[in-house]
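A single chain, nothing else alongside it, follows as structure tokens in the form predicted alone.
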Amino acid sequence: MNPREPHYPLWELLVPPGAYAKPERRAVAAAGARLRFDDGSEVLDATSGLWNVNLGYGNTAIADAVDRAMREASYLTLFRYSHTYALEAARALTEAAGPAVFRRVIFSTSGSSANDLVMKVARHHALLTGEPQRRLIVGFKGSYHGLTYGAFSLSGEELGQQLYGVDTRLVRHVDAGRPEDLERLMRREGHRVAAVVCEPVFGSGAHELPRTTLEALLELRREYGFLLVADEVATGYGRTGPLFASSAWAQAPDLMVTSKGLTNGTCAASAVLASHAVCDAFERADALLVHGETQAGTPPTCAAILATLAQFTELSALESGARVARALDALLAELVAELPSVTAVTGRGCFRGIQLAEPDGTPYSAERVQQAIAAIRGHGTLAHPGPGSVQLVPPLTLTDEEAHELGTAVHKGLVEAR
């Protein structure tokens, strides 16, 4: 902190004021898979920024594409207009996600705002298809969809919704591990459900959506007619293996949300991909969707989207991610075998969780998790805290040497934190 400043000017997010202005938390540079902080420390980043820098920091091809767009057309709006940069990016996204499934893209600026948007699309779609009573949106307990008001209501974690006056009257949450609860809800209120929103792998704890629950969802969609939304904010762009995790589902979602890996973390960007059936409903009625965001789908953002997709091909990022995932598999198997504090591992691909417990079986408290995170950082690697767990979300482009370095730091840190 500058001693000449009477007050620290930055409101840091998700930390109390007493933790502000810590040089060990103030990043000053990033390159490849490494972060450098204001206290002089340098760490291997096993969190990919905020799970969004899937190709590593400082990708020059993406930076050059954004630079060109900034010079050619620094800003163009999608508010009652369109532009060629957005058209090209939308075309590339539908092609990458599957043109047989998705027809159209709505650009937004964050995963949270995109989840707000899908709630609006689902309710508007219900009205257009003659079912205006469908107002409910269903999510899962323990899920995370964001902190804007709509997404906040949909998030199934207790994050202060009541404190902030978040309206949850038209939202329902069920236990993802109990498909019978979902079936019971549908028997009671299925005719009122506009959409069910689910993460293929939950961001909090890196728990996979159980196969039985996914199968139930697909069957219940057929029976009750709600829209199925895949929230791939975190799982998209190779994070769990394929480009999009829901591409492995037996049936495709009606709407898909993507954000974190969309521009490799370079721009405030997200996108909602809409299926042919959803678009048909709006086209038949020539219906105007009431949504707009000043910074959504700008030329620099769209240039970053196009360049990121091109870099996935150029760098063979999915193949590289599979290699890193195999290294994580070996590390996690070793931790389970050797450390009694490691009770389970969760997730898939490069999106993993290490569940931790005390000798009596009690899951680690938030404080104990932070102690483990600090110990791992003390050995040179930055990991992410989860509920009773440490989460590893490394770039898909880690080298073998960096993957080994990550494994060594995590193993030593967890031993130290026991």
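When you see a residue number, it is the position in the sequence shown, counting from 1. Since we're looking at a predicted model, the values are computed, not measured.
Just so it is clear, the following notes concern the form predicted together with pyridoxal-5'-phosphate, a form of the same protein that is not shown.
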Q) So, in the predicted bound form, is V233 in contact with pyridoxal-5'-phosphate at a 4.5 angstroms heavy atom limit? A) yes
Q | Contact flag, G146 vs pyridoxal-5'-phosphate in the predicted bound form, heavy atom cut 4.5 Å | A | yes
Q. Would T346 sit within 4.5 Å of pyridoxal-5'-phosphate in the predicted bound form, counting heavy atoms only?
A. no
(Q) Considering non-hydrogen atoms and a 4.5 Å limit, does pyridoxal-5'-phosphate approach D254 in the predicted bound form? (A) no
Q | Stretch in contact in the predicted bound form with pyridoxal-5'-phosphate, which is absent here, among 98-106, 111-119, 71-79, 216-224 (heavy atoms within 4.5 Å) | A | 111-119
Q: Sort through T308, S259, T240, T301 and report the residue having a heavy atom within 4.5 Å of pyridoxal-5'-phosphate in the predicted bound form.
A: S259
